[in-house]
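Single chain ahead, written as structure tokens, the form predicted on its own.
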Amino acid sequence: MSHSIMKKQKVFETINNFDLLSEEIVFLILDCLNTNPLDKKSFSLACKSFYSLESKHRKKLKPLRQEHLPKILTRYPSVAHLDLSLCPRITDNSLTTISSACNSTLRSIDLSKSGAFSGSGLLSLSLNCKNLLEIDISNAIGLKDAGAAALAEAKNLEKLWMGRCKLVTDMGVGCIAVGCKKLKVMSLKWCLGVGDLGVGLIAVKCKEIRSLDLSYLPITNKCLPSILKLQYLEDLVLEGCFGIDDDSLAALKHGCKSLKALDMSSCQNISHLGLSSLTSGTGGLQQLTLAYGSPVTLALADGLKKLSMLQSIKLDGSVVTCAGLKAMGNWCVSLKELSLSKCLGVTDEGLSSVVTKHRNLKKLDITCCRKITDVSIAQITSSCTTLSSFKMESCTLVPREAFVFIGQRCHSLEELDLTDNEIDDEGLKSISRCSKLSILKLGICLNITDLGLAHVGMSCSKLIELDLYRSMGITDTGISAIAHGCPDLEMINIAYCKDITDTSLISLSKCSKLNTFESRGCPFITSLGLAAIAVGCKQLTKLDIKKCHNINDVGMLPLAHFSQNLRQINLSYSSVTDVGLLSLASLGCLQSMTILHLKGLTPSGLAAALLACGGLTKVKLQASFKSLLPQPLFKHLEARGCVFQWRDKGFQAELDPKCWKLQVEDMVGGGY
């Protein structure tokens, strides 16, 4: 009897309840494991069954090195989306491997940072992957018309990005236009060899185009009429097209009813006369970008007032007149987004006129509008109470008392940029009422202390990004309050907060989602604090510890062991030597390294570390090392896809932040 019970008990114990679930249910569970990139890996390592299920489930891949592709693609046979933007060199052989392994499953591929391929590899991809819908070959600066023609074989292609393919001409683009008639999205930004002929062919042959980016192309009014006849065109970018003038925009009068977003930034030959054509044929326009363009005058504003569907207008870097802003205030539409970043001429009178009328604004950017005062802030906060994003960096005439209005009236704020302003602790206390805040920038705010920051920590639990760059009144107490009250913090910048110690880093190590940590110029941080970050913040991808002189090789060891997601590191002016640098070779994701003025670094140690860190794509080094290392070493590393940036700066002493700020103000002439 007892033997029978034990046998049943043994059988019961070996049953895996997951075996009772269908693949579809397990896949739904895996869909929920997206917060931590290591979760799915842990799942797959649990048992052979889970390993197999995770292999079938994975549809997206973002590998680090091309040499791993054959093994990875065998491991994951159902890949539909392949992002190779982290691989510095993808050769034709790699593309052939991909086309053979993925053929019918591949839907999209990103080659935007991997310009070692040619038309041969693209042809293999186009012919074998019949279901390919999206491809990004931006920055393929060596690609010529033959390579572009190879893409014409991808007959089902719907989205194509070719930014900075500078050797491709009208002929190559013409081949694409003839072969890829299903294109809906296309970017030719900075394709300087493409002119009216190539763009005209796209317009004639690709009738389904929805989005077209022609930024910085040498086009003229010859191709614009055919573009504007595209029946489904919704998004058109003409930034920096100097050949476009007022006469060109006359074509808009004949209609482009489908157009919803138009960007004509830096179009120096467009005046209010040309822009007035917008009102005739683009009645459905919702987003208009005129950055660094014509002055915003009464005539320009009046010419746009008939755009009855307009929701967003961006005028960054333009000269703005008070009369122009007042006229915008009289528009019948209710804007949701207004950007006046770095606009000259914005005053309290003009800005108040706009915000008083456009009370439904969700996003407002008045960065570097240096003439505004508390009058504008009072009007903005009383009129636009539903703002979700408010950027007002370097509005230095706004007194500290005005910042209280923001917290009293704008409770829906999710993003707030107060960099280089006079806000103090009372202002922070008020802003802490904005409980939805996820991004808060307080860099160069010299009047804030731990007291104000503690209020933010207590009330803004949704905070994911905090910038305290050069805010010298912040110490460990304030950082500890943030770490305790904002557990989902992903990014923090405490650079040049000189009183910060390891205590802050130990507190922040409890924020397990932290991926970006910048602490340059914090002299009291040591390897002990860095070790705490490494152990507690395993999602860390970017680390800047420049001028943290008390961090040495001891701090590199826990980084090498625990920070397996680290991609970018700045060790300049620290006390790391050959030993510490070499230990980082175990970080398979490490791609970018800045190592200037490391006194303990020798040529032989540097050479060993560079060879051992096989995934490096960018290294910033002191120019003196260039002659001390063998040239074949550089050729070998460059062949792997590594780019070297040489710096010849001498050792720089640190400035007091108030002195530094005064120097900046002197350079800009004390404001606009």
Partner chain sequence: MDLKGSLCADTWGELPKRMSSNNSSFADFDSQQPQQKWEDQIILDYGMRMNSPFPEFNQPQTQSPLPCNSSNQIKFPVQMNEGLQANKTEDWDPKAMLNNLSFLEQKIHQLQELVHLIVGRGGQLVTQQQQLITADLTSIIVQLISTAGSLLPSVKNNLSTAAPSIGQLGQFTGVLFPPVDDLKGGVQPQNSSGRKVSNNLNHVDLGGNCVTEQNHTVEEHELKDEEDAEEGENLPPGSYEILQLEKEEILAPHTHFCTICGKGFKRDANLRMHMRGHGDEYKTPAALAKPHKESGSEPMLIKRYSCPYAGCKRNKDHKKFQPLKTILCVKNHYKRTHCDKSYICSRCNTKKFSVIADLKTHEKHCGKDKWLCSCGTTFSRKDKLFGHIALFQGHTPAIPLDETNKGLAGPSDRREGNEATSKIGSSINFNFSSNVPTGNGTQNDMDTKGSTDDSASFFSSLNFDTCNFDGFHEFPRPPFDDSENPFSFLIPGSCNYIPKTGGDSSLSTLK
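Numbering follows the first chain given and starts at 1. Keep in mind that what you see is a predicted model, and the values were worked out from it rather than measured.
We do not show the form predicted in complex with the partner chain, though everything after this point is about it.
*Asks:* Heavy atoms within 4.5 Å of the partner chain in the predicted bound form: which stretch among 143-151, 433-441, 575-583, 378-386?
*Replies:* Going by heavy atoms within 4.5 Å, the stretch is 143-151.
*Asks:* At 4.5 Å between heavy atoms, is residue 117 in contact with the partner chain in the predicted bound form?
*Replies:* Yes - in the predicted bound form, heavy atoms of residue 117 and the partner chain come within 4.5 Å of each other.
*Asks:* With the partner left out here, check for me: in the predicted bound form, does some heavy atom of residue 459 sit within 4.5 Å of the partner chain?
*Replies:* Output for residue 459 is no: heavy atoms all beyond 4.5 Å of the partner chain.
*Asks:* Although the partner isn't part of this model, could you tell me whether residue 130 comes within 4.5 Å of the partner chain in the predicted bound form, counting any heavy atom of the residue?
*Replies:* Yes, residue 130 lies within 4.5 Å of the partner chain in the predicted bound form.
*Asks:* Would you classify residue 426 as touching the partner chain in the predicted bound form, given a 4.5 Å non-hydrogen atom cut-off?
*Replies:* Output for residue 426 is no: heavy atoms all beyond 4.5 Å of the partner chain.
*Asks:* Which of these residues, 529, 350, 172, 293, gets a heavy atom within 4.5 Å of the partner chain in the predicted bound form?
*Replies:* Residue within 4.5 Å of the partner: 172.
*Asks:* Consider the chain as shown here, without its partner, and state which of 319, 554, 273, 197 has a heavy atom within 4.5 Å of the partner chain in the predicted bound form.
*Replies:* So the residue touching the partner chain in the predicted bound form, by this definition, is 197.
*Asks:* 493, 546 and 626: each with a heavy atom within 4.5 Å of the partner chain in the predicted bound form?
*Replies:* The answer is no; none of 493, 546 and 626 reaches the partner chain.
*Asks:* What residues, if any, in 184-212 have a non-hydrogen atom within 4.5 angstroms of the partner chain in the predicted bound form?
*Replies:* Counting only heavy atoms within 4.5 Å of the partner chain in the predicted bound form, the contacting residues of 184-212 are 197, 198, 201, 204, 205.
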